[in-house]
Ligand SMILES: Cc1cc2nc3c(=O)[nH]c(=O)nc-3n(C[C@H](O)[C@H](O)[C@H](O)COP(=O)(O)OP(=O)(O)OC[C@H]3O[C@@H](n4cnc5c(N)ncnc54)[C@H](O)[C@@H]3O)c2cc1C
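Starting off, we have a lone chain in the form predicted alone, written out as structure tokens.
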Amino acid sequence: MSQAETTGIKRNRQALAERFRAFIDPEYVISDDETLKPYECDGLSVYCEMPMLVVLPETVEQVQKVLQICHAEGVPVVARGAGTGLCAGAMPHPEGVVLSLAKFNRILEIDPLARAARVQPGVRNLAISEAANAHGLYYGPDPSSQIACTIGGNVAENSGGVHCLKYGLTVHNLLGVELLTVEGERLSIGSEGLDNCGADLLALLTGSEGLLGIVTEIRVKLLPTPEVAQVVMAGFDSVQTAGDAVGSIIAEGIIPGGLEMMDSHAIVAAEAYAKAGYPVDAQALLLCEVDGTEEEVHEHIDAVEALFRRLGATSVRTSHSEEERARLWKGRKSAFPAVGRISPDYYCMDGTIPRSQLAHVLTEMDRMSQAYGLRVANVFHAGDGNLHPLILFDANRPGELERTEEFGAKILELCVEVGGCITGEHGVGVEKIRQMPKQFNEQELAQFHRIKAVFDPDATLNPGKGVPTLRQCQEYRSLDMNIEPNAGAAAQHNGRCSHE
């Protein structure tokens, strides 16, 4: 960026900040570089960009005014929750405003009769279940980051979690949202009933990554806490055998509450971190949770144990207390930070494939791992085929980050080739935007743009994320034809963070 451009942004920053401070507590209108720094990226710190301004409003009316001013001035707006996202979806625009919803953190209502909760978008995912627990209820989707991630971010990315196989993603657990358009107009989408007439706008908005509007209130479904829940942990001598076992469980007519898989790198790291009692000599591990009535659970547990042994499991262990069940899940939910102890850096991917392709895709990833000279720790939602391979690398080694990104791109393309998609729950953001033309043709991408234009004609809500322009698609295809070996996807992006 030139000196003149930098000076212009600073001048606009101060003028805009003064307008916001007229109706927002000045302490929560952030304009100095030092305080802006923490907002430069989300959980995927490979991509970062300093915002022009950050605002933290406390009321819907304040958010409305921010949107109205930014719309009138043509200023980009990027909504932000807890910043735990993993696709650079909340990465700021250098000439835009980060609209933090962190202060919208109240649970407004728990309705045990309707089995529903009404919450603000800044409420933590886990806090909903904690509040509903007194009524024997809980909120189903449980991302690994549930202790920190917010429900607003979950709606933006359509998050899942370890129990989404049986209980669904965020989209399956919503009743309605209150939305502000780019012009600041209030809309109510969905209802308190279980169905609505007309187009399913709620499903359209869920997973739209802040491209269509700003969610200010959310109504979610609550589920009754299962009478009994037990986990069967099985070790296998190969990831291929474990992958085959996943489909066999579903074929038996058993729908587990959760069905997760980890490979040897992840097992060793998680056990050292969480002391969960994992078999560190296993090449792969399956965690299969069955919940329901006592009779149902005991019947299914016996069937799952027998199935694992028949398929060649080297060890089988079943939880017999709530403490033991929680400990087994703690290892899985700690896997991401645990892997940070065995590698300076890791790159978390997020693709989805048909369950029948698990063994094939894992074999191909192992082949690519050797070809790129990079280790992979596999941790994923095996039941619904949502992969989370963690590519281990060292950003301080020249060229290794670029090689990692290219490897990650190849994994996503492999997912598409076998009938899957490039994201299961993390979203597209900036990270996967180059793979969108691999998933969708030009006509389909054009339709995405038409939908965006209905809600945001000037494209100022989270611009440059989610859906590439047709011009970008042509550029990406040209790059794919001419790119040098090991030149990664993000190398083409200006919002690249320095690791020096």
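Start at 1 and count along the sequence shown; that's the residue number. Everything numeric in this text was worked out from a predicted model, so none of it was measured.
Keep in mind that the form predicted together with the named molecule is missing from the display, and what follows is about it.
A residue is said to contact a partner when one of its heavy atoms sits within 4.5 Å of a partner heavy atom; Ser319 fails this definition for the named molecule in the predicted complex, lying far away.
With a 4.5 Å cutoff on heavy atoms, Gln230 does not count as touching the named molecule in the predicted complex; it lies far away. Gly160 belongs to the set of residues with a heavy atom inside 4.5 Å of the named molecule in the predicted complex.
In the predicted complex, at least one heavy atom of Ser145 sits within 4.5 Å of a heavy atom of the named molecule. Judged by heavy atoms within 4.5 Å of the named molecule in the predicted complex, the contact stretch among the candidates 145-153, 222-230, 275-283, 356-364 is 145-153.
Contact with the named molecule in the predicted complex, judged by any heavy atom within 4.5 Å, is made by just one of Ala79, Leu387, Ile411, Ile249: Ala79.
Between the options Ile301, Leu175, Ile214, Leu328, the residue in contact with the named molecule in the predicted complex by a heavy atom within 4.5 angstroms is Ile214. Interface residues of 82-117, taken as those with a heavy atom within 4.5 Å of the named molecule in the predicted complex (partner not displayed): Ala82, Gly83, Thr84, Gly85, Leu86, Gly89, Ala90, Leu101, in sequence order.
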